[in-house]
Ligand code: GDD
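The form predicted alone is given below as one chain in structure tokens.
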């Protein structure tokens, strides 16, 4: 079973963390986000993944020099220029020589979706394309997908105003597609799968949906990047995990509560780390406070500094002693 994983975005909402690292390679507890995603696909029989790359593709190659991730064989398709979601799917599928039914998934989606169930539904109804759907409270940020009682998709409404959304079932970023869909995607320009390809499939009557209320988080914002890790700590997705690496250094007298402290990171005496993520190699100095924030790899939080309110500290950045940051980004980025 083959899959295309879309990992070509710039991750602008997660800056400054993504100034040096692609979004899907940001760590989640103890390994990159991408490894969690591919491991999930592997559990449903996927044995070959093609990464649709663009931004900082060298980071992926360096991380997986043997072209294997979570026990799954990797192929790489590097776009010469951004081709948007459908263009990226066609480019990757053709580069990998995919000529059979295949899966597409957004590389920043954390989910317990039963991909096998979507795959089986796709074949039961003879669909050309099948979309996994998930319910949300506010569908205005997503592609909304109304269906008939049998599950055939009736429309595809991208990011409607909240009070005009025909349903709260949205595109969950996992698709099963026939090779014929690739031929529907025009070459030589950017093509959106949500705005062009799926609506054309609706018109042809070939787009179906599979609804699921399984765990689902789009991990593309600071809040959701934090959420997927807190959910693992809290046992929302099975047994609770320990977020403090055995390779981290926690001094006597330091307080670490409901937090991730990664390998090589250190928390000095008198420091308080609560509801926070301290990345690999980062240092929280004596009597500093980090709450509800992310400290990037090799960054330093100076003595008595106070970091709160979803502050994002980038790779190698220095927070001067005594500084107070609330909802800030360091370094600042557009």
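Quick caveat: nothing in here was measured; it's all calculated off a predicted structure. Numbering follows the first chain given and starts at 1.
Another form exists, predicted together with this ligand; not displayed. Remarks below refer to it.
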Please check if residue 206 has a heavy atom lying within 4.5 Å of any heavy atom of this ligand in the predicted complex. no
Would residue 15 count as a contact of this ligand in the predicted complex, using a 4.5 angstroms cut-off between non-hydrogen atoms? no
Taking this ligand as it sits in the predicted complex, is residue 9 in contact with it (heavy atom to heavy atom, 4.5 Å or less)? yes
Hey, in the predicted complex, does residue 222 get a heavy atom within 4.5 angstroms of this ligand? no
Though this ligand is not shown, can you say which of 117, 79, 128, 94 has a heavy atom within 4.5 Å of it in the predicted complex? 79
Just to be sure I understand the contacts: of 75, 121, 159, 237, which is the one whose heavy atoms reach within 4.5 angstroms of this ligand in the predicted complex? 159
Stretch in contact, per heavy atom within 4.5 angstroms of this ligand in the predicted complex, of 141 to 149, 224 to 232, 244 to 252, 259 to 267: 141 to 149
Could you list which residues of 70 to 85 come within 4.5 Å of this ligand in the predicted complex, counting heavy atoms only? 79, 82, 83, 84, 85
